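Just the one chain here, laid out as structure tokens, in the form predicted on its own.
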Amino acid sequence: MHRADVAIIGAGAAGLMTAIWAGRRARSRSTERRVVLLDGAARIGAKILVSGGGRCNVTHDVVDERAFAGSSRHAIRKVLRAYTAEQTVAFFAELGVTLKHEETGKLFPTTDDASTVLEALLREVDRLGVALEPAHRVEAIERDGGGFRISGPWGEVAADRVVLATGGKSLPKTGSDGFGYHLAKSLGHSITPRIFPALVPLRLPEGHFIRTLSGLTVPATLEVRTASGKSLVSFTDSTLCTHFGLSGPSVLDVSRYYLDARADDAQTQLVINWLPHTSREEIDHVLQARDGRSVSAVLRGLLPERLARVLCERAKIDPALPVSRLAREARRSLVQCLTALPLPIIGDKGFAVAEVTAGGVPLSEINLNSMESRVCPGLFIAGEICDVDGRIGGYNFQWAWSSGYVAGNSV
């Protein structure tokens, strides 16, 4: 049986960050510490490589707790402030990875290549003497005296301290299949009652008109409403119509809030506004024009023709009808379709394509000054396994860097 001072389970973003800062901390103290990084995948960092369309959206220019959900925002803020986006930029620059700022606020490597990020992290892990062990899937962690016994098909490791950085359940083909939750529970932790996909495309019924618009991208607002019509949350961004339903930034951002609310109340609705930058009153005024133009001609100035045509059909209006002949009720119906159309969502695309997992180990069970477990001394927890999920735009990576930094400096 091998021995280690620190064993980190999971070599994704959070695990690599933890390993680097644990190694740096040991060197700064001139102490010999054996740090072992165990990962079940034969190829390390698959999730980093596929993120951001293969470019790796490292972080965002402004990161605060308002971009996250799950555990309390106060708790999330505490960890994010311990290692900020600015510190992340400096850290990667030190590793030789310069980042560029895009209009959306996202920060990518100037190479536009995720392998640049992964290779830099792996080089630093190697420089610090961390023992990286791919194809070492951990199947059990048990208390053993004052430490832990970690085991799998490959054998056993005895460690004084353990870090769980196993990820959630999103993109299981990269290795994050949710087994980390079982490991956390075996050591006394609870898991939120609900574990579900976040940043995930949404499905519409067969035959829904949006599915006929596959490939069309427009700015739109997606809003989650209660059965009584109360607005819970909304996101405005690029929206992609697909052969199965809807995707794109606005849909991914709203998905976790819709799925969570729908699980509590099946009457929860998702509503789309195809003209987010134009008020209902302005649209209604345009549709009362007396210049002889057809409805389709008026709408073509606001929307792509394909979308305008199917929205007319939805409102049971002939697109060729002059707007001057639109009856009041027909006009109201069209305005409703344009600005507040309920979407009959039938599900989501699942963990196989979700970019992150909602739910996990509650932050209330973790000492946020160190990321050490409050229920199992010597156990540390970092990354997506925590009950924290952020919007698209590099926020989830920032959570990995921040929580990994805190855990690495404490373990």
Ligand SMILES: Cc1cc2nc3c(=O)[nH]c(=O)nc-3n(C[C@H](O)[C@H](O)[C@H](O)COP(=O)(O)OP(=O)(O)OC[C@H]3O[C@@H](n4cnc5c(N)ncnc54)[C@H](O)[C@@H]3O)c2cc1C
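Residue indices: 1-based, along the sequence shown. Nothing here was measured: the structure is a model prediction, and the numbers come from that model.
This next part talks about the form predicted in complex with the ligand, which is not shown.
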Considering the ligand in the predicted bound form, which of R309, R203, H136, R300 comes within 4.5 Å of it through any heavy atom?
H136
Check each of Q269, S234, T174, N273 and return the one that places a heavy atom within 4.5 angstroms of the ligand in the predicted bound form.
T174
With a 4.5 Å heavy atom cut-off, would you call G52 a contact of the ligand in the predicted bound form?
yes
How about W21: is it within 4.5 Å of the ligand in the predicted bound form, going by heavy atoms?
no
Mark E355 yes when one of its heavy atoms lies within 4.5 Å of a heavy atom of the ligand in the predicted bound form, and no otherwise.
yes
Does L183 reach the ligand in the predicted bound form if we count a contact as any heavy atom within 4.5 Å?
yes
Check for me whether the ligand, as it appears in the predicted bound form, comes within 4.5 angstroms of all of P197, G359 and D387 - heavy atoms only.
no
Heavy atom contact within 4.5 Å of the ligand in the predicted bound form, the stretch among 300 to 308, 236 to 244, 260 to 268, 166 to 174:
166 to 174
Which residues from 64 to 86 come close to the ligand in the predicted bound form, meaning a heavy atom within 4.5 Å?
none
